[in-house]
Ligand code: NOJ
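A single chain comes next, written as structure tokens; it is the form predicted alone.
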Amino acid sequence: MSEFPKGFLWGAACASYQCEGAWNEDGKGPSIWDDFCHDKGKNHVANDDTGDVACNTYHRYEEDAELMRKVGLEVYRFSVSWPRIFPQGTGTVNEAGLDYYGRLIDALLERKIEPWVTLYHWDLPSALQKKGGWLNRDTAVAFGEYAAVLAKRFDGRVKTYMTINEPECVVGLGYGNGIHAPGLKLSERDQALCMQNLVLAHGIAAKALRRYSSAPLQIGVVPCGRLCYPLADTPESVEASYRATFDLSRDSWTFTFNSFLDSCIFHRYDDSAPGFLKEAAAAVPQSDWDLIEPPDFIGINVYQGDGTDENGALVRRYEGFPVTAVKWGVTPEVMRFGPRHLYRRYGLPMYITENGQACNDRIFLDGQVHDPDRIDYLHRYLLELKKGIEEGAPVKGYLQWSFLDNFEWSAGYSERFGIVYVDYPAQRRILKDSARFYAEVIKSNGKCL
């Protein structure tokens, strides 16, 4: 296999609530995930797990940055905890929180690792949720204030920002079916309002980031959703899989890339959108649309896709279909066709901002963590990604999810996605075989595949 394009970036990702711990240290305020996890007896999270300690990266960031250097990461994507900066969501800034992220950024830069910052990876300040959370337009305004503070503090050191991670999950899982924080089950009309406020939040934050940065920035957003691939590689089947990917009339409209991106980029929805979604967009005043500009790039979080037939119908997986430890399908073809579909619709450069597999990892008798399933998964998906790039999808980099095993939301610590094993009781880190595999991929720019 030839190498990936020159300048292709290789990295990994984690998120604040999933790995930091220190949930109430140094002036940090509570988040909706603190509240959700501490609401005992409700079975919100497997085993009543919490992110109180998680991977303790708040105290062990130097150790983790050194592991990243050993693996050869060029980019590390992490999120900032909004309530660690604004304990009340707005108002008084917590300098200790800014200092922590400043130290983390310095540790990365010292090792020639680019820090890529996600502003929002789901840990909304509790104080803002008490005022309605993403149902309240004021939350989007507060988000812009928060973005401005980060831009000023990290000016010249952070050059790539992502505003919001997976707004579809924020709405569908947090405000729709209630399995994520804040655990609400709102009407679809109210969910549509939440989505529009998230779109507005992206726009306000992007303007604030640019206004308070002295150097040009790369600002993206990281949606997720259904990505379809054709079971037959014919023009008709590829076209049908494209239509199926962006069909808002199907169930789970929230779990589509275009439920966020069509509003963000086009300021409208297509004919497949349900009426309440079109009404939510129609209710947005022009003054708000003027604040919302397209992102510089799209981050794609992709784990599995849906196979479609020549008519675009989703095809049931056959008995014994390969799955991961969390029963997600192993569908590497989605890495070839998904980016192609997104580029065709939106015409923007892209990065794979999350991709990886959960495995039932353990420490073997030899003291190592052997994870051939994960290596095979990454290998297959990267081969398909290379095909997609060769066929015209402008994917500029790949970030593996995740660098460390961590708190996996409602699944708690029962799922391990990391290429670094975390022995939680001892907080010990062990490079898995997949980390060594990934190091070779990075070193050879994919030629070793």
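Predicted model, so just to flag it, every value in this text is computed and none were measured. When you see a residue number, it is the position in the sequence shown, counting from 1.
Although not depicted, the form predicted together with the named molecule is the subject of the following passage.
- Considering the named molecule in the predicted bound form, the lone stretch of 204-212, 161-169, 263-271, 184-192 in range is 161-169 [heavy atom distance within 4.5 Å].
- A residue is said to contact a partner when one of its heavy atoms sits within 4.5 Å of a partner heavy atom; Glu408 meets this definition for the named molecule in the predicted bound form.
- Heavy atoms of Trp122 reach within 4.5 Å of the named molecule in the predicted bound form, making it an interface residue.
- With a 4.5 Å cutoff on heavy atoms, Phe276 does not count as touching the named molecule in the predicted bound form; it lies far away.
- The named molecule in the predicted bound form is not approached by Asp371, whose heavy atoms all lie more than 4.5 angstroms from it.
- Taking Phe36, Tyr58, Trp401, Tyr413 one by one, only a single residue has any non-hydrogen atom within 4.5 Å of the named molecule in the predicted bound form, and it is Trp401.
- Residue Tyr303 is the only one of Tyr242, Phe297, Tyr303, Tyr346 with a heavy atom lying within 4.5 Å of the named molecule in the predicted bound form.
- Contact annotation for 17-32: a single residue, Gln18, has a non-hydrogen atom within 4.5 angstroms of the named molecule in the predicted bound form.
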